[in-house]
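Have a look below at one chain only, the form predicted alone, in structure tokens format.
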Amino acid sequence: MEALREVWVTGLGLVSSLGEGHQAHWDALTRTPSSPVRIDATRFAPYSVHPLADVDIDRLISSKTERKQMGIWQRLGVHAAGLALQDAGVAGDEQVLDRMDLVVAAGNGERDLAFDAKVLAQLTSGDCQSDPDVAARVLNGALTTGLRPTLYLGELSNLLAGNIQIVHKVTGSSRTLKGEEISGLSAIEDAVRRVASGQADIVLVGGALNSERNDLLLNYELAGGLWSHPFVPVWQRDAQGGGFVLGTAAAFIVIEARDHAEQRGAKGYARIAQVVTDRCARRVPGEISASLAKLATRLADDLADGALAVLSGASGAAPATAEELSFLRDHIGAGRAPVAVRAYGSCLGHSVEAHAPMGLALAALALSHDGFYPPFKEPPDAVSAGNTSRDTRPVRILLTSVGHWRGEGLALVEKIGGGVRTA
């Protein structure tokens, strides 16, 4: 059997509350003293969100018709995808784009809240309340006259992939994954396996989330997922029941075989050593930690050597965040050199499907800069004494992805050495 090919990250496209582009994110996350976290605590009170920075998300979408049929989350994703293609040096290169595969992690689209409110008001009127037949006629009439089928279908998750293909001419195979946080890491896993096995030379992978939506916040609060208290970092929420603060973000990454990158003269930010995912039932305490520990055994040989740091995708949700911290202390921090842990969700919020792609991009960025991020107000009883170091220089970064409801995963990203890029 042929050896697996080395997998590089060669392009990054990032948009969030911190700004646009990888340099803006690196600057914001490494500035000392730290940049203030952007929080909007009033628009959706008592819930907070990390709002999108002042970014022109239509800049790379030239057609007004195309922009009109996309919701904000789709325009975010299309914009971030375009940034990644530009960064990788393949935007407009038809020879590469014609065979570039696409993997997207996405939820459902955005609802027409005004239309929903109108229908609900009609259904709660006197006639509808007293006569089921009247209510049925009102509902059916609304569905046939007020719900615009083409725009509704345009908000389905696979249409984000379709719009990326249309706008940026990425015309290889396309795949869309759903399933909240785990879909983001599974999308990366799929792309890495395809490249490593030789099924693809270059893949564009990522996700997007518009958190500034009443309908989305309602959905997550109905499940008891949101943090409704004054903002604190993710590690500090467990004592009050836990919860996450959503953040508007999009992250796309160009994942490429090393030989393909070198043939076209491209340099990589980092190499992706492994991506592993699983899903436990979470019926009893400790299952999440056990699932992560099982996944870590598949990375054991790669984790053994070289300075390691952890970039945690912890959301703040209970019990997932506390169990992840237990795993990090017991299986990563124990018996080894100091391990720095950073939960990037404390700075830019939880972006669900886009969260793992964002974390992988930040890991690759840190390795390319031969550095790491200052503490994001980490827990006082840190995984190890190295958790407060500001001059950490890891050669490997372990990315964690623990879904607020289901799904666990780990990704190991390594420093390349020669041929690395930072811009």
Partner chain sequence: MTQNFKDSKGRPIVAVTGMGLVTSLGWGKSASWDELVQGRSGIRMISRFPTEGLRTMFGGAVAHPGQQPDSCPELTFEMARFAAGEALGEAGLAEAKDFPGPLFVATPPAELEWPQRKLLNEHPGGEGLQGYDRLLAAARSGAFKSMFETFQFASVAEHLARALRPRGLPVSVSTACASGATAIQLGVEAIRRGETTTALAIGTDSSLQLEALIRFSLLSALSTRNDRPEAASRPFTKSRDGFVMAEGAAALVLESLESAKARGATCLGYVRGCGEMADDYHRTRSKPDGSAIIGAIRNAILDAGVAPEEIDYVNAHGTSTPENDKMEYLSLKATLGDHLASTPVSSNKSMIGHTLSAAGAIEAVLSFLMIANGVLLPTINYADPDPDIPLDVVPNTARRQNIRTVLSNSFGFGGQNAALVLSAAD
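As the structure is a prediction and not an experimental result, all values here were calculated from the model. Residue numbers count along the first chain shown, from 1.
Absent from the display: the form predicted in complex with the partner chain. The rest refers to it.
Colleague: I'd like to check something about L217: if you look in the model of the complex, is any of its heavy atoms closer than or equal to 4.5 Å to a heavy atom of the partner chain?
Modeller: Because a heavy atom of L217 falls inside 4.5 Å of the partner chain in the model of the complex, the answer is yes.
Colleague: So in the model of the complex, is the partner chain close enough to D278 to count as touching (4.5 Å, heavy atoms)?
Modeller: Yes, D278 sits close enough to the partner chain in the model of the complex that at least one of its heavy atoms falls within 4.5 Å.
Colleague: Would R194 show up as a contact with the partner chain in the model of the complex if we use heavy atoms at 4.5 Å?
Modeller: Yes.
Colleague: Evaluate V254 for contact with the partner chain in the model of the complex, applying a 4.5 angstroms cut-off between non-hydrogen atoms, and reply yes or no.
Modeller: No, no contact at 4.5 Å.
Colleague: Is it the case that L139, I166 and K178 all touch the partner chain in the model of the complex, with a non-hydrogen atom of each within 4.5 angstroms?
Modeller: Every listed residue reaches the partner chain in the model of the complex, so yes.
Colleague: Name the stretch, out of 394 to 402, 357 to 365, 23 to 31, 63 to 71, where some heavy atom lies within 4.5 Å of the partner chain in the model of the complex.
Modeller: Checking each option against the 4.5 Å cut-off leaves 63 to 71.
Colleague: Taking the partner chain in the model of the complex as the reference, which of S157, S289, Q274, N210 has a non-hydrogen atom within 4.5 Å?
Modeller: None of the other options qualify; the answer is S157.
Colleague: Would you kindly say which of T297, Q240, S130, Q199 lies with a heavy atom within 4.5 Å of the partner chain in the model of the complex?
Modeller: The residue from T297, Q240, S130, Q199 that makes the contact is Q199.
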